[in-house]
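This document opens with one chain alone, in structure tokens, the form predicted alone.
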């Protein structure tokens, strides 16, 4: 957002008009003091205050976006500048002692300025609280984004452990079953060896999409490592988990991929394992799931 110079803002024109009008009113009712009667120490002190208030106003308008809070603070500072300017002009113009209203030009704007500044600072404080909340939310998003897998749009192992801890606590609190499925592509290292890492990564991305299409909205899939995925099933009993596990195996077995360079068809199979959360923590649960999967793979016959 481009900022206009302070001298081109309506605040400056309005303030200049008010100061000139106030000065003309004082001049019309009073007399100019001779130089010998001017207290130069007061002139420097009060003139310095006016310059500082102008500086605060210019700095405010340069550093803040336009809006309600900026207007409140700017009007409050304008009132202070006007009041101190009238006090400054009083050093050069002598007013009749019988005239009492001229003091109002100096004193009346101050309480108005303080009220406006107080309201503006309160809303500024509220703004800062809202901005801090947004920053915390954004920081959390980027922190979790770093836990996502680099190859596909699902969480990695660290994200799985984090979500598993939350799910275990929620499952215990709500007395709901929590199931985990591990799915591992059989002999996927052969595909990498035959067709290259790039082709293998592309197949993994497609398999991940395939698994996502076969999951429920409440399920969470993460890539634990290599070609192994883990699916977190909230509020799911063992029978439902087994059925879902079989569905995923069938989906992978039905998948046919044609390599980009040699145009050969590649078929996949997968081994799955299921475990139910009991009194485990996240680490022991994943460890038990991996052990079950290893046992299943030792007894399964890989087919490519």
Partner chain sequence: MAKLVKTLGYELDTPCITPHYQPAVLVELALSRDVSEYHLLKGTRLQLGDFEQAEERISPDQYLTLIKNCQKLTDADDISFLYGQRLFPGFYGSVSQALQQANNLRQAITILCEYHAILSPLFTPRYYENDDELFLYWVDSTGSIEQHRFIIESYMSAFVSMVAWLAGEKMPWQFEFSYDEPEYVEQYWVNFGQAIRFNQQMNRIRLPRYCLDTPWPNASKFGMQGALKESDKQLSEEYSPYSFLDQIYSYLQSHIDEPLNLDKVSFSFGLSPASMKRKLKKHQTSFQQQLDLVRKHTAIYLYEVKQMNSQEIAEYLCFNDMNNFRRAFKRWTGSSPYHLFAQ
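Take the two forms, find the largest set of C-alpha atoms that superpose within 1.5 Å, and that set is the rigid core. Numbering follows the first chain given and starts at 1. Because the structure is predicted, anything quoted here is derived from the model rather than measured.
The next section is about a form of this same protein that is not shown, the form predicted in complex with its partner chain.
Q: Decide if the three candidate residues 192, 227 and 290 all line its partner chain in the predicted complex, where lining means a heavy atom within 4.5 Å.
A: The answer is yes; 192, 227 and 290 each reach its partner chain.
Q: Just give me the single entry in 213, 136, 130, 197 that has a non-hydrogen atom within 4.5 angstroms of its partner chain in the predicted complex.
A: Only one listed residue qualifies here, and that residue is 197.
Q: By the heavy atom within 4.5 Å rule, which residue out of 119, 110, 151, 220 makes contact with its partner chain in the predicted complex?
A: So the residue touching its partner chain in the predicted complex, by this definition, is 151.
Q: Would residue 23 show up as a contact with its partner chain in the predicted complex if we use heavy atoms at 4.5 Å?
A: Residue 23: no contact with its partner chain in the predicted complex.
Q: So in the predicted complex, does residue 18 come within 4.5 Å of its partner chain, heavy atom to heavy atom?
A: Judged by the heavy-atom cut-off of 4.5 Å, residue 18 is well away from its partner chain in the predicted complex.
Q: With the partner left out here, check for me: in the predicted complex, does some heavy atom of residue 158 sit within 4.5 Å of its partner chain?
A: So residue 158 counts as contacting its partner chain.
Q: Does any heavy atom of residue 201 come within 4.5 Å of a heavy atom of its partner chain in the predicted complex?
A: Result yes; residue 201 sits at the interface with its partner chain in the predicted complex.
Q: Spot the stretch among 69-77, 227-235, 171-179, 121-129 with residues whose non-hydrogen atoms come within 4.5 Å of its partner chain in the predicted complex.
A: Looking at the other structure, the answer is 227-235.
Q: Taking the rigid core as the reference frame, tell me whether residue 62 has a CA displacement of 2 angstroms or more between this form and the one not shown.
A: Moves: yes, 2 Å or greater.
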